[in-house]
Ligand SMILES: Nc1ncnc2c1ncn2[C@@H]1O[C@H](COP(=O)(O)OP(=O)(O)OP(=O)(O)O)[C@@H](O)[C@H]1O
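Below sits a lone chain in structure tokens, taken as the form predicted alone.
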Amino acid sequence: MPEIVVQGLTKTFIHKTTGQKVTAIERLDFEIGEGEIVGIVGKTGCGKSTFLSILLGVERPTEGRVLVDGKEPYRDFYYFKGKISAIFQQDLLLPWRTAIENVKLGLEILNYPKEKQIDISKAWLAKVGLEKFLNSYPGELSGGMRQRVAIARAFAINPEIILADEAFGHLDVVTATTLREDFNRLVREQKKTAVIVTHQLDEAVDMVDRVLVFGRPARLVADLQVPNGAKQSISEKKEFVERLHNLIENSG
């Protein structure tokens, strides 16, 4: 059974200034299986982040639907409490809370016992290499370290699905590469389903098993498995990235 089913999904907005209808998503159809790691790529403004908002239950579809485990995130919002977590480009840490206090925020909301909150949070901060920074505040941490706290917070609640929306695009190349590798390792170790939105095609090839190419407005232009050779061979990776680039450029 697929874990995520997208059927005829359409999302339109009314422009606040002009009053005109703007289509962000136009009849999306695809499925994502349990344990798949899928990337979404496309031009800026093609509705990638809007799709994630619908998947998170924050936005309501105009037409069609998204089903996760047979339920709709917007209609069954509280059913998904603790089942889906997300990492964004901005770490969204609370500046008045220490690293461990930020990680255990979701566990508090889910009413875990206090001792368990601390144990789980410590364990996840250790997994992301921050065991010596439990009591550091966000303002005392580098950008990469703050994003590590955000990753630990996302995994701590043991969600079924993890979403990443341009989560590494704002970091320097070395830090981003290390964080991508660590995130990818954790997703695979924990056997999570992951949906990763990125504008960096190299990142998509390195991290995911399958790439969805969105046109603008969001519609499915291509659904491609990442060839094993593209992860192992520089020339094959370059060829696949070029194919993705051409699909995006010609997607409208």
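These numbers come from a predicted model, not from an experiment. The numbering used is simple: start at 1 and walk along the sequence shown.
Below: the form predicted together with the ligand, not depicted.
> Just give me the single entry in Ser49, Asn184, Gln200, Thr193 that has a non-hydrogen atom within 4.5 angstroms of the ligand in the predicted bound form.
Checking each option against the ligand in the predicted bound form, the one that comes within 4.5 Å is Ser49.
> Go through Arg27, Arg210, Arg65, Lys43 and name the one with a heavy atom inside 4.5 Å of the ligand in the predicted bound form.
When the ligand is considered in the predicted bound form, the option within 4.5 Å is Lys43.
> Whether Val22 contacts the ligand in the predicted bound form should be assessed with a 4.5 Å heavy atom distance threshold; does it?
So Val22 counts as contacting the ligand.
> Counting only heavy atoms and a 4.5 Å cutoff, which of 221 to 229, 49 to 57, 201 to 209, 65 to 73 contacts the ligand in the predicted bound form?
Partner-contacting stretch among the options: 49 to 57.
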